[in-house]
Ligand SMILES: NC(=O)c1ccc[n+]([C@@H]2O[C@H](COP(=O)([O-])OP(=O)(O)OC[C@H]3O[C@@H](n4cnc5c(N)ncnc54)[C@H](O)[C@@H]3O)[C@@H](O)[C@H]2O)c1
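Shown next as structure tokens: one chain only, the form predicted on its own.
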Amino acid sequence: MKKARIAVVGYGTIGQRLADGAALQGDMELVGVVDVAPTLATRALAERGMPYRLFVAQEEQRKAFDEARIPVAGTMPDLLGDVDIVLDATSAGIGLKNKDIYAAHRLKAIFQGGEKNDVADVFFHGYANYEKGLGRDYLKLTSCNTTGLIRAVDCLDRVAGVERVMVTIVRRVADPGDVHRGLVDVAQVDKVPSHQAVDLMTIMPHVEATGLLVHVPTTHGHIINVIATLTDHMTRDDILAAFSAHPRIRVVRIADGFSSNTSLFKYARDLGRPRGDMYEIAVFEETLALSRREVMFAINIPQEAVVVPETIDGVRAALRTQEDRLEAVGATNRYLGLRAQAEARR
């Protein structure tokens, strides 16, 4: 079977991880990545011996890379002429401008959550609405928080049905290394509903959702408290079993040391994950409580890597390499090394 040929445009926080994720897929080939200026990421790429071919967006950008001794394989048009689909991980607004370039090359593209929804044909999530992405030219991923939130809600919805969701999101204010937002000592509250709740209803229109967003001065991960009203009754053990059976959800225990956002980041490093990345969200077991048909629990969202699996799902949907949802997400999980907890512990 011919491998899907992939370009990653924008080699920043998300782009690096998309490149790594695509390179792990046995049925895909990462042909190259694109960036516009020497950065810490591209300098590290050069020091690692250029495992991925690097292209500049425009020819005039090559000089800066030459001066930084970062090898460049060509320009973006050279790369786009040799791929099937683009994973656009550029800054918000740039993807919309790039869309015309992709269209001129007759290429499909997948955009990240920072772009507006109208950049794409479908607002996409691998588990929740895979079928809607089949054969479409332009998909847009949900944000990191929305991606993880939908994973958890969709998991419950498929085993018991979910009528409504109320969430409180405690979110990091910046990515690690960001200084442009300033030094912060504040917990800032946004008005309701948060965009994550609105986005959830766009992907899962049968669920009523609202949410509160609180920005806090941390750089690793978000914590989301979820209150979901179930259609059918479930026991606490039923819910834990459903989460534990999901390859992209980990059930962790505060008693075991998983008491914070940073404990998950440290554990990922201890596991030997590159950059301390974790593709899975984590459900804190001791936060799970039931009141009749309402279930409350808290999840950790690893903001830098969580969208990678769903982006890879999008490649399979857009190119129709897998028509079946479970076969598609299963292939992504397999190549990324994601397994249900019971299976992983054998």
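Residues carry their position along the shown sequence, with the first being 1. All of these numbers come straight from a predicted model, not from anything done at the bench.
Below: the form predicted in complex with this ligand, not depicted.
**Prompt:** Are all three residues L149, V159 and L326 in contact with this ligand in the model of the complex, where contact means a non-hydrogen atom within 4.5 Å?
**Reply:** Per the other structure, none of L149, V159 and L326 touch this ligand.
**Prompt:** With the cut-off set at 4.5 Å between non-hydrogen atoms, does N98 touch this ligand in the model of the complex?
**Reply:** Result yes; N98 sits at the interface with this ligand in the model of the complex.
**Request:** Find out whether any non-hydrogen atom of S91 is located within 4.5 angstroms of this ligand in the model of the complex, and reply yes or no.
**Result:** Because a heavy atom of S91 falls inside 4.5 Å of this ligand in the model of the complex, the answer is yes.
**Request:** Spell out, yes or no, whether the shortest heavy atom distance between K108 and this ligand in the model of the complex is within 4.5 Å.
**Result:** K108: no, not in contact with this ligand in the model of the complex.
**Message:** Contact with this ligand in the model of the complex for V307, defined as at least one heavy atom pair within 4.5 Å: yes or no?
**Reply:** Close contact exists here: in the model of the complex, V307 approaches this ligand to within 4.5 Å, heavy atoms only.
**Message:** Just to confirm the contact call: exactly one of 126-134, 169-177, 272-280, 207-215 touches this ligand in the model of the complex at a 4.5 Å heavy atom cutoff, so which is it?
**Reply:** Careful reading of the contacts points to 169-177.
**Prompt:** With this ligand left out of view, which of L319, V36, V31, L288 would have a heavy atom within 4.5 Å of it in the model of the complex?
**Reply:** Selected option: V36.
**Item:** Among the candidates A57, L54, V295, A298, the residue which, in the model of the complex, approaches this ligand to within 4.5 Å (heavy atoms)
**Value:** For this set of options, the contacting one is A57.
**Request:** Give, in sequence order, every residue of 112-141 that has a heavy atom within 4.5 Å of this ligand in the model of the complex, or say none if there are no such residues.
**Result:** Sequence-ordered list: Q112, G113, G114, E115.
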